[in-house]
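Okay, so here's just one chain, in structure tokens, the form predicted on its own.
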């Protein structure tokens, strides 16, 4: 796609806005840093070699039979005592519920586990932070695994070590899961969800608004009345009811629940963009270049999306950063109220809810609040810069 001189001029104007351009670069850097979160925050080896065979537990689930054992149970924890026994040559025979938990084996980067007759040759490359957003194992050094402060303290005259001894750099939540890992995964999930929701709602709004504005008449009249009726329903209440109703319909995986929320939120997020695009197409359908295209026999679809839409990009580009912000806040709000993602899915809203319930656990509320605030500020600065760059009145 070749950018026109007018669009390139707007990009240059955006780059001259130092605050907006710096915010975009910081936001992009943070997002790129969180993309390989599984390779940094994980309780599974990135790659391991067992008896001459290579395995990649970060990217695939294995059973003990896949690893050369006789048990069909899945490997739920690579840091459990049961897995250590398996590597040492003692094949686990317990049920899958018993194949998790237990202390972590010593070492971090590449470990040689041995200790019994028939020990397997085992080496593994571990992530630097041995915790994912959903991992939990019983620590031998932490007195309290749940709501463990990252800083050492004294309770009843007894010294209590901080959670940093187990590399919980921001402590643990009420379920004993690592707060920093949940923040990193939650930041990435929120940004991806907001971006995807903003794009899909923009596409839906553009199509519906274009149809109303271009054809007018009865199509516009019916579209406006239906939009007004649909818009009169309280959006948050509708989202809460649908989310709660559908989440009770049997068990669903974390991805399925996230996809369900994505579809539900798309039901109402398109209306603002549809109104703007309707106004743009209403104004453009009687312009000379549209009349000329019609006289030449160009189809309506080609006129709409090949000629009018490229000249109506200003509201799309201008509102996209703010649409991302509102999408993220909608997801955070649903999670905070308990109608969003189900635990242990990484969620900034769920962490805020925990911080509200446990005010003494400052290591939950403060980092989460600062992360969400920073994300909103950066998106707002980017949105202001885009709006000013596309505003002809702004110099």
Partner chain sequence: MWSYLLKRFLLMIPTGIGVITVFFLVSEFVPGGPLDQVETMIIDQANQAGVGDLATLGAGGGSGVIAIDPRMRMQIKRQLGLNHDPLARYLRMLLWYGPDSMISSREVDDGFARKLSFQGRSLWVYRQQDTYHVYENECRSAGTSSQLRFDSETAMLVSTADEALRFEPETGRQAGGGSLALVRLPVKVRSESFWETEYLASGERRRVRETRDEVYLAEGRWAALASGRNWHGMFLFKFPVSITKNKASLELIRERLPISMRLGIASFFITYISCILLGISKAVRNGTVFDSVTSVLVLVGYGIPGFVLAVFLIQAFGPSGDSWISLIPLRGIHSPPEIYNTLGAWGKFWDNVHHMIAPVTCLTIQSFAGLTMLTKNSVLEQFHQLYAVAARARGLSRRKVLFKHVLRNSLIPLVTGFPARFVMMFFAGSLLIEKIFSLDGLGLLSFTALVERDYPLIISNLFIFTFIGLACRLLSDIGYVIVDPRISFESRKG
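Keep in mind it's a predicted model, so treat the numbers as computed, not measured. Positions refer to the first chain, counted from 1.
The form predicted in complex with the partner chain is left out here; the points below concern that form.
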Q: State yes or no: in the predicted complex, is some non-hydrogen atom of residue 337 no more than 4.5 angstroms from a non-hydrogen atom of the partner chain?
A: yes
**Q.** Contact flag, residue 16 vs the partner chain in the predicted complex, heavy atom cut 4.5 Å
**A.** no
(Q) How about residue 322 - does it come within 4.5 Å of the partner chain in the predicted complex, if we only consider non-hydrogen atoms? (A) yes
Q. Would residue 229 show up as a contact with the partner chain in the predicted complex if we use heavy atoms at 4.5 Å?
A. yes
(Q) Checking a candidate spot here: are 362, 372 and 377 all in contact with the partner chain in the predicted complex (at least one heavy atom each within 4.5 Å)? (A) yes
Q) Among 27, 46, 67, 329, which has at least one heavy atom within 4.5 Å of the partner chain in the predicted complex? A) 329
Q: Identify, from the list 125, 219, 236, 263, the residue with a heavy atom within 4.5 Å of the partner chain in the predicted complex.
A: 236
Q) Exactly one stretch in 158 to 166, 190 to 198, 220 to 228, 205 to 213 has heavy atoms within 4.5 Å of the partner chain in the predicted complex; which is it? A) 220 to 228
